[in-house]
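The chain below stands alone and is given in structure tokens; this is the form predicted on its own.
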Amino acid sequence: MKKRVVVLGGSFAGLTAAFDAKRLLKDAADVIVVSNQPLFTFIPSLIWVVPGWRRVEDITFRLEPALARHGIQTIIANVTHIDPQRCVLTTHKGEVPYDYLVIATGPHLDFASVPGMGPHDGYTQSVCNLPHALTAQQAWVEYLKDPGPIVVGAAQGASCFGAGYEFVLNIEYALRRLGIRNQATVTWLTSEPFIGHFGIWGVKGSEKEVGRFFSRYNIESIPNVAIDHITPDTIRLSTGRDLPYKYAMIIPPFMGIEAIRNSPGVGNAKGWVEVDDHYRHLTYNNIYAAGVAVAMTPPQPTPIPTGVPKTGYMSEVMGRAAAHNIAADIKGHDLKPLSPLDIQAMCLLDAGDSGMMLVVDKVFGAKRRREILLPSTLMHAGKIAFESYFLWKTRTGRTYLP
């Protein structure tokens, strides 16, 4: 009997899981993607939207036609509840039954954790999704009319440090390109115990190399700090210091989406899905999770709480593993384990006109055998090339490519 595989989420993990599941199962399964957004967005390029270096159409494509070409159905809907007993998603368009479910959602952005943080009920900008990046772009245009101090940071509990580092380096580069760098101080603040920690306890030489970038471009760094509250023109730090700003972008901590938090037994208290090394739910054998939705605890505590990053590369690997294990289960084959902490981490950190590449064979450093940190002026061109490649690969369903 044909199985029904439903993938909740249409980004890195979700599309990888959907395309791989359909390719492996062919007519043995119907694959359905449920997404609250009609577009796939290449999130790493949102930092370039703010200064106007990318348009929406440059970094997005429509999900429905891309998936339909491979026989995958798309439902654009907001999910409000998951019933693991009945094997049903509840959406604002009705119920969606499943035989297998892959939870591959993005995060809920917890701006409320710091008073005054966020673009809606607060005073700071965000580049965590496309609408926020467009709002940050509008705020940037207004800022340029009267430049002044810029503060970029990652709040306590944040996990997406790479985007923050890229943003502060690119916004500093934007000031130089516009010839107004002397009109603005630029400050980076972070909950990491040291700069270049990245939520993974750093890479060999990362603290020194990030420090060189900051020194070269006159960016002040304030690590190992929390944010107490934010007013329209000041960020109060846990140390008691007040940072004035005219433009601020702060990465918030992430939580699981509301639908998971409203579905008892599906996620933990934070809304993350706890899985085994097959990416299978600890209680429900037909539920899998991949990407940001997966619960991961930092094995090494930090003085100020930090989260574990789940990069686009990691999300792809998890999505692929979940799809392959679902296919194996349907075909009666053995599932293959892969601990999230054993996934290789790869990152191109763009600095506007240069950057660095980070490669480690394991996310966390205790058992690493390989750590590569390569600064180069070629990294900016490398990220542009990767942007084009990844959008082509994903739009055409070639998720089997590296």
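On a predicted model such as this, the values are computed, not experimentally measured, just so you know. One-based numbering along the sequence shown.
One more form of this protein should be noted, the form predicted in complex with a small molecule, which is absent from this view; the next part is about it.
Contact check for residue 322: no non-hydrogen atom falls within 4.5 Å of the small molecule in the model of the complex.
Residue contact with the small molecule in the model of the complex: residue 291 places a heavy atom within 4.5 Å of it. Contact check for residue 312: a heavy atom falls within 4.5 Å of the small molecule in the model of the complex. Proximity of residue 307 to the small molecule in the model of the complex falls outside the 4.5 Å heavy atom cutoff.
Each of 47, 107 and 257 comes within 4.5 Å of the small molecule in the model of the complex, counting any heavy atom.
In plain terms, the part of the chain that comes close to the small molecule in the model of the complex, with a heavy atom within 4.5 Å, is 38 to 46 out of 51 to 59, 370 to 378, 354 to 362, 38 to 46. Just one of 96, 150, 230, 128 comes within 4.5 Å of the small molecule in the model of the complex, counting any heavy atom, and that one is 128. For the residues 222, 77, 87, 134, the 4.5 Å heavy atom test against the small molecule in the model of the complex is passed only by 77.
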